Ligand SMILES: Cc1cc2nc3c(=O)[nH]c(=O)nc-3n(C[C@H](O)[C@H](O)[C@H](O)COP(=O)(O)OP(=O)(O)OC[C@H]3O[C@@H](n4cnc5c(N)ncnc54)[C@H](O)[C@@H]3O)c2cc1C
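Next up is one chain by itself, shown in structure tokens, the form predicted on its own.
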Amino acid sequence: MEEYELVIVGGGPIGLYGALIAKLYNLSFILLESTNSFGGQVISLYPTKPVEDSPGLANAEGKDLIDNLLKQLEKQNAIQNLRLNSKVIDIINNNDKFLVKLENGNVISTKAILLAIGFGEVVPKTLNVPGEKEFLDKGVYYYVKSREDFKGKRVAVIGGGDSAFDWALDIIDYANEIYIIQHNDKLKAAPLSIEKFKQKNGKILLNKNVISINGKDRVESITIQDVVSNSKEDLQIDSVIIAIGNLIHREQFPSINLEKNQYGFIIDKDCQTSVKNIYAAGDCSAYDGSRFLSVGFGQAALAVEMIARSLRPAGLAPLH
């Protein structure tokens, strides 16, 4: 059985920063990320969106933030402490240690845990129409991985909220033609985003349902139906971005009872949860305020420092 002083659960920006601080404190640690890539929601949902709330990063995008964090960890020779495809399914309190159970059957023993799991697993809502699954990554997307995917394309963005308009504005200078398609006559996005989209000659179709996505090897068109007249028409489209919201699957650890409220795990001033030596940072913590990255980074740094102090009560040297 592997043994560490600290297990960090979650490989988003907060978990990665916690790993950096753990390395600087020379802790024995492992970071466990459930998916096949680091970055959490920043990479899975917003890789090309500007990062406005992280200090010292001018004109950076989400993927730049994660790349820079990974470079910092690489510089500290800590990449080997990061593990992908390692979903934690339970935490068992075992006297003065914890047993961390993974979906693959492995069990890791640790003295302390930092939870940096965000809001949980984010799964995009689907249209559930013919062609959606068949053309996934062949013209059907749920977010923008690379703007180049849409260069010179005719693009339909499904949805009328902030995410839909954010994605549309993100690629509007790359696409040849771009539509916002909304199932009713209400747009929930910020008025400034809607106006900017119109100024850039984006087209808005209201009261239209997408009833199928069509093509041979990849997307060639979509069939839309008017909700008032029920009339149908085919719209020649190369790419479809489905931005109708997300489902959140919060991670559960059935063998351990962590106090929580509607915001997340309840933590004290040192970011410790209701269970001694289990800490939480970032979106998974019960922070009733704006979810700035800087707050999560500060929580992660403080939590790891408190862990280092508890494990090394004598002789802990300051980092600076």
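In case it trips you up, residue 1 is the first one in the sequence shown, and so on. Nothing here was measured: the structure is a model prediction, and the numbers come from that model.
A second form of this protein, the form predicted together with the named molecule, is not displayed here; the remarks below concern that form.
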query: Options 226-234, 129-137, 106-114, 85-93; stretch whose heavy atom lies within 4.5 Å of the named molecule in the predicted complex; finding: 85-93
query: Contact assignment for the named molecule in the predicted complex, among 238, 149, 121, 177, heavy atom within 4.5 Å; finding: 121
query: Three-residue site 18, 277 and 307 fully in contact with the named molecule in the predicted complex at 4.5 Å by heavy atom; finding: no
query: The named molecule contact at residue 286 in the predicted complex, heavy atom, 4.5 Å; finding: no
query: is_contact(residue 48, the named molecule) in the predicted complex, heavy atom dist at most 4.5 Å; finding: no
query: 4.5 Å heavy atom contact, residue 67 to the named molecule in the predicted complex; finding: no
query: In the predicted complex, residue 259 touching the named molecule (heavy atom, 4.5 Å); finding: no
query: Residues in 257-278 close to the named molecule in the predicted complex, defined by a heavy atom within 4.5 Å, in order; finding: none
